[in-house]
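What follows is one chain in structure tokens, specifically the form predicted alone.
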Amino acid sequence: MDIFEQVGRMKHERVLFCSNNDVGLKAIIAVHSTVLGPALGGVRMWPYNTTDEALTDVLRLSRGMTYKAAAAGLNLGGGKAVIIGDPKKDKSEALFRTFGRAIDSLGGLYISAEDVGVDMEDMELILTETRWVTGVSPAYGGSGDPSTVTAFGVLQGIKAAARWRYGDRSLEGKRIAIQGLGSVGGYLAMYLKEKGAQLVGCDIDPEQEEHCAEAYGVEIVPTKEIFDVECDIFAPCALGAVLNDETIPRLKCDIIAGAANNQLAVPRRHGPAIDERGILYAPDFVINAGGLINVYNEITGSGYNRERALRLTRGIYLNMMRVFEISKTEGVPTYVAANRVAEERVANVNKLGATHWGRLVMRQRPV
């Protein structure tokens, strides 16, 4: 598919290709929508095989961020960035600072945050070149790693799904399979252990598997076998498109509720396929909004307040219950119900005419 056909099909406002051979930078910044506010979304570093593969990912992810912010009730638009490279080998100060200048050239249209392959230290390198950065350490006026709050939000969504399916939001004794025990999946395992769940999991990093097995009692299975585990709840917390023609028939669970973005490989096909199997699906952009809520609290109000961020993140429980109710009332798959919630909010705000988010000013950070 032609690059510009992809951009036009998803109706993005802006797509910026960034390249600097001297520092090894190849990146794409995608701004999907700024109707509700500036486009906030993470920077992902991944060894994509081709530029087209990276573009497809950033377009889908940025669109998902628009829906995530809208469904969470935040005054933010949707954006995302990807850096093509191996995060274990290709990172450098020059690369991230050059990328920071690309972000700065957009003048606040896009606000960056952490994502897969990028950590707080990397974000602080970007911060040296632009103020449009979130997820930095408290020393710089930020909230630090948002993974704990993302996982806390996923926990709220899992409770809502349990309440809807079983009539009780307690997770005591529930067998939960976690695909991906990285930053978010690992913290989710911690929260679920506290709630008395029985945990099974896997990760591509053996050290993460070992840590979660020792710290949270996770029963480790091979990554290729996680879809075959008999469980009450399957929690995808790795990369996207894991719910597809090959994996859905293998699932042995009542509920799918996890942190990964873009879990449905082809929503129009795989959303109904999950319904046909009698599995309750918690739409990803609703359940995993905790990290976005957390960094949103960095750029609003008088400064970051963790208790306020957690209080707002608890709202994911009610947001998810609303999606389930719409799905039942209107007789549509849950992913359709979630889309309607997000799209209606964007449409209603769009009717107001010119946007007013330009008044948003990033708080001055400590030097």
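Start at 1 and count along the sequence shown; that's the residue number. Worth saying up front: this structure is predicted, and the values here are computed from it rather than measured. Under this definition, the rigid core comprises the largest set of C-alpha atoms superposing within 1.5 Å between the forms.
Just so it is clear, the following notes concern the form predicted together with nicotinamide-adenine-dinucleotide, a form of the same protein that is not shown.
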Revision key, fill the gap. In this chain shown alone, the residue from Leu171, Cys202, Ile83, Cys212 with a heavy atom within 4.5 Å of nicotinamide-adenine-dinucleotide in the predicted bound form is Cys202
Practice item. Could you spot which one of Asn288, Ser112, Asn297, Thr130 gets a heavy atom to within 4.5 Å of nicotinamide-adenine-dinucleotide in the predicted bound form? Key: Asn288
Check your understanding: Is Thr98 close to nicotinamide-adenine-dinucleotide in the predicted bound form, meaning a heavy atom pair under 4.5 Å apart or at it?
Key -> no
Review point. Though only this chain appears here, would Ser137 touch nicotinamide-adenine-dinucleotide in the predicted bound form if you measure heavy atom gaps against 4.5 Å?
Key: no
Review point. Looking at the partner-bound form in the predicted bound form, is Ser143 within 4.5 Å of nicotinamide-adenine-dinucleotide by any heavy atom?
Key: no
Exercise for review: Check whether Ile158 has any heavy atom within 4.5 Å of a heavy atom of nicotinamide-adenine-dinucleotide in the predicted bound form, and answer yes or no.
Suggested key: no
Check your understanding: Using a 4.5 Å heavy atom cut-off, are Ala39, Asn75 and Gly108 all in contact with nicotinamide-adenine-dinucleotide in the predicted bound form?
Key -> no
**Study point:** Interface stretch in the predicted bound form with nicotinamide-adenine-dinucleotide - options 98 to 106, 264 to 272, 231 to 239, 212 to 220, non-hydrogen atom within 4.5 Å
**Key:** 231 to 239
Check your understanding: So which bits of 140 to 174 sit within 4.5 Å of nicotinamide-adenine-dinucleotide in the predicted bound form, heavy atoms only?
Key -> Pro146, Ser147, Thr150
Check your understanding: Superposing on the rigid core, do we see a C-alpha displacement of 2 Å or more at Gly117 between the shown form and the other one?
Key -> yes
